[in-house]
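In the block that follows, a single chain appears as C-alpha cells, in the form predicted on its own.
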Amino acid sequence: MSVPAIAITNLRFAWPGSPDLLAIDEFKLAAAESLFLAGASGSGKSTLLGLIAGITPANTGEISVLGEHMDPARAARRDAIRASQLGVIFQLFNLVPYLTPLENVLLPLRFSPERASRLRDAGLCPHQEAHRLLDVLGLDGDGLDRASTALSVGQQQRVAAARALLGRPGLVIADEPTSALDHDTRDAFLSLLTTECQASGAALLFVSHDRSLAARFDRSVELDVINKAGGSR
C-alpha cells in the first residue's frame, strides 16, 4: 500500500487566547488523489493548509506529508519538506514582485535540489519545463520578461500555479486559487491544474468555499464534518 499524501491524527489547534479552531481526529489524502475541501469563510481552511504545509506548527497531534512527520519542534525540517515535496498555491499568490514570471516559477529550484533532480531524472530541462508550464497555463511568452506586478490577477495566479507544479512535487495544495477569476478562466485553470497533477502523479488538495467545483475532483469533504472543534470559528 502506498504512503498517503497526507495523514492527520488527533490534531488540535488554537490561536493564542482563543478556543480550538481545529480538532481533527483523523484525515487522509491518498497518493495521487484529488480532493475538494469545502468550508465557509473563517472555518479554518487556510489554517489547516498552513499546518499541513508546515508553515504553522500544530499544538498537538501528528501531521505527516508523504510519509514525513511535520514535527512542530523542528521548523527547519518542516521548511525542507515543504521546499522539496510540496507545491503550494497561496490565496494571495505570494509572488516575488521584482522577479519576472519565469524567475518566480524557477524559484523553488533554488531552495530544493530534490526538485531539480526529479526533473533531470525525468529527462527534463528546468527552464524548458518552466516555459512549458507557463505555456499550458496560457502565458505563452506574453509578459515573461517584466516584473510580476505588471501582470493581471489572473496571470499572477497562473504563474503561482506553474511555480507550485515545477519539480514534480508529490502534493499540491491550493488555497482558494480561483476566487478572483471569471467563470470561463476558472474552468480552464481547473482543468489544466488537475491534468498536470494527474500527469505527474501528484496528490491535489484544493480548498474553496465554492461547492459547485466539487464534482471536478475524486472526492469532496466538508471541513465541518471532520472538524470537531466547537464554538465560533
Partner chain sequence: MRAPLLTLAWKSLLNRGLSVGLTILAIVLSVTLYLGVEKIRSGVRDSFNSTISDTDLIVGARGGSLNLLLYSVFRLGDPTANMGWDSYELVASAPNVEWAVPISLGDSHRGYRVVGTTADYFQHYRYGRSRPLELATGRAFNGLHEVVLGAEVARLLAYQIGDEVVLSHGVGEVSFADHSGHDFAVVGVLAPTGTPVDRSLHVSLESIEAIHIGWDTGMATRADPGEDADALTPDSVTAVLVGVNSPIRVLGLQRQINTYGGEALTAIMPGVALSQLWEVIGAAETAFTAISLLVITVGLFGILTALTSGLNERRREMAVLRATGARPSDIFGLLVLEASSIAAAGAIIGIIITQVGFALVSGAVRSQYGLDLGGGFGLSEMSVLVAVTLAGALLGAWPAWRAQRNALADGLSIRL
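Numbering follows the first chain given and starts at 1. Each form is matched to the other, and the largest set of C-alpha atoms that superpose within 1.5 Å is called the rigid core. No experiment lies behind these values; they were computed from the predicted model shown.
Not on display, but discussed next: the form predicted together with its partner chain.
With the partner omitted from this view, the residue of 122, 92, 73, 153 that lies near its partner chain in the model of the complex is 92 [heavy atom within 4.5 Å]. Contact with its partner chain in the model of the complex, defined as a heavy atom within 4.5 Å, holds for exactly one of 55, 181, 188, 32, namely 55. Figure note: of the listed segments 202-210, 188-196, 44-52, 64-72, the one touching its partner chain in the model of the complex, with heavy atoms no more than 4.5 Å away, is 44-52.
Within this chain, residue 165 is remote from the site of its partner chain in the model of the complex, having no heavy atom within 4.5 Å.
Proximity of residue 136 to its partner chain in the model of the complex falls outside the 4.5 Å heavy atom cutoff. Mapping the unseen interface onto this chain, residue 146 falls outside it, with no heavy atom inside 4.5 Å of its partner chain in the model of the complex. Interface membership of residue 161, defined by any non-hydrogen atom within 4.5 Å of its partner chain in the model of the complex, is ruled out. Residues of 98-133 lying near its partner chain in the model of the complex, listed in sequence order, are 98, 99, 103, 107, 108, 110, 111, the criterion being any heavy atom within 4.5 Å. Put the two forms on the same core and the Cα of residue 92 is off by 2 Å or more between the shown form and the other one. Whereas the displayed form keeps them at a certain spacing, the CA atoms of residue 65 and residue 93 lie at least 3 angstroms farther apart in the model of the complex.
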